[in-house]
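Next up: a single chain in structure tokens, the form predicted alone.
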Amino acid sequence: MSESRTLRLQRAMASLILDGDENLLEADPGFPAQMQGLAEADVQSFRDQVPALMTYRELARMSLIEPLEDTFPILRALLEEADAWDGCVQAFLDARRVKSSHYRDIAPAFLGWLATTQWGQDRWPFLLELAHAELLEVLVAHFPDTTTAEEIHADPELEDRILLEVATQVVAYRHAVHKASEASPIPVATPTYLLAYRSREGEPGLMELTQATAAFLVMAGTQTLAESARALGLTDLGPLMHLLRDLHRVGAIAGFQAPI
């Protein structure tokens, strides 16, 4: 069955917005419609609306690119210094990875595209981690609230399990991407473990962890604190219990729960 005219019109409009060669579009705005096999009347309609279509293209592209600029300022600084930001964004648009109608889904789609294509990672091996760290802060800040589980308490006991807040994430990187900045966007290559969380006041926070502490926080979500400590060879639990209380106080941990 041949494709409908509506679908071909939609694809022509997508090409008008997303294709990178603006000079070609200015020379012949009917080219996208022609490439989709539309009737000459439709092609001519594109040609007759040059100012309106080019204005629409500019506004629509801006709505796709601005979320990337807002979410990934350090990545943008890195790539602009190498004159590669525009090329990266255009490669992403060429891939047609944005399927959602919500602006909030554009930045995650970009991160997914970086992960699957490995764009730029032969030159910048930390690029995906840097983008992930920048998006992580946004996602943690805006993660939806959920109802706290029942039968949890604030003071940890050795036979408890940890219940992290829903926005809290334990992450591991090969580079210290959390120390990168727009002025200095290239991170040091060193194993890095972080706790990303949202404070009780709603502000995103980031805490550096040791490898053992990061593993403990993950493991103790399914095993008791005592079992997790034994598995990791942790013997001095005093500082660790103090850390758990602090993490509960700031809002990273929802509470502690005895096995049911």
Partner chain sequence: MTQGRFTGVGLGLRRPHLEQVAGLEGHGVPFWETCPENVVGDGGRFNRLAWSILDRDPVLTHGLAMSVGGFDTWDQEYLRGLEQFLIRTGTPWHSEHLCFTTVDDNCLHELLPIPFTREAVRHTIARAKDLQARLPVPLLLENITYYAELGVPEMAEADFITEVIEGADVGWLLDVNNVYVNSVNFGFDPKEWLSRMPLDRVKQFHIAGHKRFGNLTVDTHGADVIEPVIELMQWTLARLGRHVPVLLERDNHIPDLNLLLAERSRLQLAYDAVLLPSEVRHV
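These numbers were taken from a predicted model, which means no experiment stands behind them. Numbering follows the first chain given and starts at 1.
The same protein also has a form predicted in complex with the partner chain, omitted here; what follows describes it.
Site residues Thr55, Tyr103 and Arg198 are all in contact with the partner chain in the model of the complex, judged by any heavy atom within 4.5 Å. Residues within 4.5 angstroms of the partner chain in the model of the complex, judged by any non-hydrogen atom, belong to 95-103 and to none of the other stretches in 82-90, 171-179, 155-163, 95-103.
Checking Ala141, Ala77, Ala109, Leu135 for any heavy atom within 4.5 Å of the partner chain in the model of the complex turns up a single hit: Ala141. Proximity to the partner chain in the model of the complex, taken as a non-hydrogen atom within 4.5 angstroms, holds for one residue of Leu206, Leu59, Ala212, Ala226, which is Leu59. Looking at Leu7, you'd find a heavy atom of it within 4.5 angstroms of the partner chain in the model of the complex. In the model of the complex, no heavy atom of Pro191 sits within 4.5 Å of the partner chain. Though the partner is left out of this view, Glu151 does not reach within 4.5 Å of the partner chain in the model of the complex, counting heavy atoms only. Contact check for Gln49: a heavy atom falls within 4.5 Å of the partner chain in the model of the complex.
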